[in-house]
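As a starting point, one isolated chain is supplied in structure tokens, in the form predicted on its own.
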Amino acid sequence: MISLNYYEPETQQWQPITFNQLPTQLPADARLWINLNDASVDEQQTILQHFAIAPTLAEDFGRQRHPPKLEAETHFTLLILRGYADVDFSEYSGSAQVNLLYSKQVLISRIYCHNASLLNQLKPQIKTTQSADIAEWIKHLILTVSASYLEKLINFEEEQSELEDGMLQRGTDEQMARIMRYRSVLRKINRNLAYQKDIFADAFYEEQNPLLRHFSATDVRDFYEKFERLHSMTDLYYDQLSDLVEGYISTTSHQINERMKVLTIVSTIFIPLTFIAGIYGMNFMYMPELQIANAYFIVLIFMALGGIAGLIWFKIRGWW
């Protein structure tokens, strides 16, 4: 089902209308928001054809999964953004994707979001008796998308500090599993933030950038700085988690080396003794040493001296 909200310049009020009531030519002061969240594919195509949206823009707008993107034609601009819809970084169910087609008077939106609270924040707020500037709505959506990351990143700082303290005291496999999950999620959102940062960074180098049609250079710089800061924070957290992983692996390797050193020392001492015991454990009838009355004690003393000599040698070499 298509949801249309129309601002009538004569009455100066917003009102819901049907597609059949849509004016063929919008008055200069009119505004229109078309919400396609609950629309079928056919209904969506009808709207896009009505406004003569270019096929390339229409195709990208209709996709549920698409990297953040900015593209423009003569009258309409396509902006695709991705917000973070999960509660924290312990899981990643998927991004909240915001697909927007907008001009000076018309906003066509389709939002894919499994978080009801965030979905509500991503809807333009209609004030019945007040005209809405489409650019202000787009600005609100961009800031909401950036805020969806910022809140989680700020909360994650404390979680990461606790993880770091736990790993320094005595790291566990469970903590390592949590760190690996966090790294996976941060890597995914880092890609989204990199795309979105680049969208706004390009506006500084392109005089005809589509963003500058509706926003001032100050606004675009503000958008860029927000996403650049978020991207830097995810880079920082990812690097810190990587350091914890490397530290845990180094500590574990050191512990294994210490255990292996003990086992090696024990093996080195007892292998010669086992060799001697093996020789005298052979069942031959004629063995010269068997006729010596004190042979048993002599062999034991020799074996004990060999073991002690080995320990002394390891101590001198600093291996023990």
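Quick note: we count residues from 1 along the sequence shown, nothing fancier. Note that the structure is predicted; figures quoted are calculated from it, not measured. Note that the rigid core is defined as the largest set of C-alphas that superpose within 1.5 Å between two forms.
Not pictured, yet referred to below: the form predicted in complex with another copy of the chain.
Comment: another copy of the chain is not present in this chain, but in the predicted complex one of L119, M176, I126, A201 has a heavy atom within 4.5 Å of it, namely M176. This chain lacks the partner; the member of A39, I53, L70, A30 within 4.5 angstroms of another copy of the chain in the predicted complex by a non-hydrogen atom is L70.
Among heavy atoms of E159, none comes within 4.5 Å of another copy of the chain in the predicted complex. Although the partner is absent here, F297 sits close enough that one of its heavy atoms falls within 4.5 Å of another copy of the chain in the predicted complex.
Within 4.5 Å of any heavy atom of another copy of the chain in the predicted complex lies no heavy atom of R110.
Mapping the unseen interface onto this chain, E258 counts among the residues with a heavy atom inside 4.5 Å of another copy of the chain in the predicted complex. Residues are counted as partner-facing when one of their heavy atoms sits within 4.5 Å of another copy of the chain in the predicted complex; in 18 to 40 not one qualifies. With a cut-off of 2 Å and the rigid core superposed, V41 has a Cα displacement that falls short of the cut-off between this form and the one not shown.
Annotation for M303: C-alpha shift of 2 angstroms or more between this form and the one not shown, rigid core superposed.
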